[in-house]
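This document starts with two versions of one protein chain, written out as structure tokens and named structure 1 and structure 2.
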Structure 1
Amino acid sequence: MSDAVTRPVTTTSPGLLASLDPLLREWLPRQRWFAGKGRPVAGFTLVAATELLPAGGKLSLHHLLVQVHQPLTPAQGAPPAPGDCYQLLIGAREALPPRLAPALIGHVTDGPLAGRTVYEALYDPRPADVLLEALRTQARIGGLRFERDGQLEIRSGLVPRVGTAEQSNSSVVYGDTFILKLLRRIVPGVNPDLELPLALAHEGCPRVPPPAGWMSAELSGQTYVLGVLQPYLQGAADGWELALRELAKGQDFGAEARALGRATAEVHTALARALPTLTLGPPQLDVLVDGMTQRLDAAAQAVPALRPYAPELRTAFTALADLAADGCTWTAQRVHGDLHLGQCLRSPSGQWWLIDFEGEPAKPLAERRMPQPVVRDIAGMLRSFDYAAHSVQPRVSGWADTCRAAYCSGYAEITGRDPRTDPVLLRAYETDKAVYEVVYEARHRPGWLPVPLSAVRRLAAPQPS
């Protein structure tokens, strides 16, 4: 992983990882949260291992932090390099009951778990209950720390079930009361997925579920945030799915977009109160523009379909640089960092919540925690409306434009400032986001490439003076 990894800290048999190695090499790349797909796994380093249920019982439970070694490129013979660190929760039984078949990792032939079957323990209610009980009692187990907010009651006996919606992490829902998000790829330091909801809870912001508890590991003087427990928003609709349903019915989404704009503004306002802000002057903006320009140049090299538009897209960034040279400044603050419809939930009563403040997991933690203009989030949401509009056939004419306008108007109702009154900054961030989308779709979902390319054509068109 990009941040420094601590030396191994082990509270279980040192032979455990060696015995699991061949099984993990096969199982780990198949997990949807594994970021190293396309490159072979060459080996592992044990960062930490903790027994949550002892190996001598009918069921044993092992919490592992494992660094994965992979070649930097998929080329055959490329040397392995220390890679990402992953959080694993491994259960071991003599035999798996049929209900746990989807969780199978494999059968161990040697080492301390020889003769036992190991599996992804989150699928098993008993291990999942161990985590909730540890949070409820604020347990200390080896290097693991389980904390809680004393004002929110955590009842025992809540029935757990594995969530199905996570992509880069995993979740467990407890009795429709709480949801525990387990971070899979971890780095040392303050994780914004805990930091920002805690700050917003302190400000009394009702648009983000407050953390009820959290897991961390203390290793060699560094803290790793491992998971966050928050209230489960029962009956809430995912913003992306809700938008697609309304589109499929040909229904207007403008009122929802306006309400979502107000919710976004409330979160931004609360974050600006809770955490420091700063002013972006010419030096900082030069760095910002250089980064956007470099990403565009690299994208044009990687995706030939983008090249005809690159010169006009570059003007989005030079226009921002020109304003900075004229002495314009902007305020930067902490933001969501990866805002789109899928990061929003709407209650049956119509209230919107923002969730998942981790930011873009592929970026270094320090970058994800940097203050940025709020337009970064706004551009992400505007692009999300565009994606939704292209996801349903036949297309609903003007749907995305209506949503974009309503969202910005709703934002202005709270802050007093419409994002559209800063068109140069907004265009720069939308362009940067669309360029990122072009590269992503070309690599992972070529069938979706026309969606960001449509935005690229719009953003590359001559701008009104």
Structure 2
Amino acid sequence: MSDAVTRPVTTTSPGLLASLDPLLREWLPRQRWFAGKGRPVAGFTLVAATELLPAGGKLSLHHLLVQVHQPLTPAQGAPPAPGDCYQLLIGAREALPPRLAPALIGHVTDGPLAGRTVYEALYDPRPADVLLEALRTQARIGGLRFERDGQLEIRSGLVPRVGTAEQSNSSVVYGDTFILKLLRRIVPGVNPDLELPLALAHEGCPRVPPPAGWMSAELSGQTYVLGVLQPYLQGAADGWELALRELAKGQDFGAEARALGRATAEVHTALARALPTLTLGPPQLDVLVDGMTQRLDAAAQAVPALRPYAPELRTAFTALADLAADGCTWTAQRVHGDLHLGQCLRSPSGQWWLIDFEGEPAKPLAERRMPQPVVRDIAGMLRSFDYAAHSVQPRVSGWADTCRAAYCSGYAEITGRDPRTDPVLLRAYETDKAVYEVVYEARHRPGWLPVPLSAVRRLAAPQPS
């Protein structure tokens, strides 16, 4: 199923997008959250425009949903393909104060904002406050709908600041009390980043911050989730930082890995209670294995360094299909979908929390919401221990293996099932994840490519029978 936005809606600001077009062409591809890197931008279509602070004032604020057209290949003359839809929050002022210089998009020469300077408005406290206030008061502005959970009080006047983490979306922290994540590439339908934390909150799962508010847009009869407000875990450190800190000291991370295994298992148990599960037999397994194989083929096509390993990697998937053909079945349920150390926060009291249930952002929503074996998340964490171990010099021998064992033991303490007792399933999912990472790194962080490639070499090596 495609996530494409099909029908643009009319705008209240004629000429606005045309006047921003040359600035956005230059600015958008430089944003970390822009998913279409490496392909030229051929043009834009305005999907919706909402004035959150009116034009004509000293500061105006424009909420835009913009479809970005990018030809699939940079071939001359290729027609622009219907593209991804992005959420933009554009501020416009006569002049930009120096503190907002890093947020500059550019100077507008014509159209309704002619003579003004436009910038990424999240960096500006006043626009950021507009969003919190809209959530607090459950506002409806144009097609935008702001909602909140009645149980959690949202105070007004909390001072906003933009989050500094490397991320796929953008976040604003309000007074160290709440964090609002604004989704950047938006798709129609139920978004797991809201759906799963809400379901977990209803289950009383204490490992996930409960949504306090959310914003969405109604477009052509479809809902687009645009942002989620959650309690901010003040003083929390993420698992990636903590792991690197321990590695730098040459210390093992076994106790934390075990606690992470327990936290993952608690979340999985609550998700299995809250949402449907299903049994995977040969027909479903074939679909799953086909998906893994196709992703591998596409990855090998895109990243030449993967090609020599592809035949051996394929055996990880055929071995799983063979088990299914022999009558093995597995249980599938809703999972996190992109679990790694950076998605785990440890609060100062030592509790682990899981965040960011969006799944792998590049996958279609329907696929991200499909029930899957829990091993999918477990494989993600195991890959993450391997990433951490590879990112420091000198290497700490056996560090990732200790984490792996402790994490799986912690998981088994809660569920009674140790993931290592199903090595074929685990290898298939670790392989699928490493292949995803090869593509992710080639596209976003080429300097990191050797990390998943070293895992690929290991996973492609002959397996003990």
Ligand SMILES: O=P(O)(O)O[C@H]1O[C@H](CO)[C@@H](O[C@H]2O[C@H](CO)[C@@H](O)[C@H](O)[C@H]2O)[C@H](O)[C@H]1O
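Residue numbering: sequential along structure 1, first residue numbered 1. Basically, rigid core = biggest C-alpha set you can superpose within 1.5 Å across the two forms. Remember, predicted model here, so these are calculated numbers, not experimental data.
Note: the form predicted together with this ligand is the second of the two, structure 2.
In the core-superposed comparison between structures 1 and 2, the C-alpha atom of T293 has shifted by at least 2 angstroms.
After superposition on the rigid core, displacement of the C-alpha of V47 between structures 1 and 2 stays below 2 Å. In a rigid-core overlay of the protein, D21 has its C-alpha displaced by under 2 Å between structures 1 and 2.
Core superposition places the Cα of L459 2.8 Å apart between structures 1 and 2.
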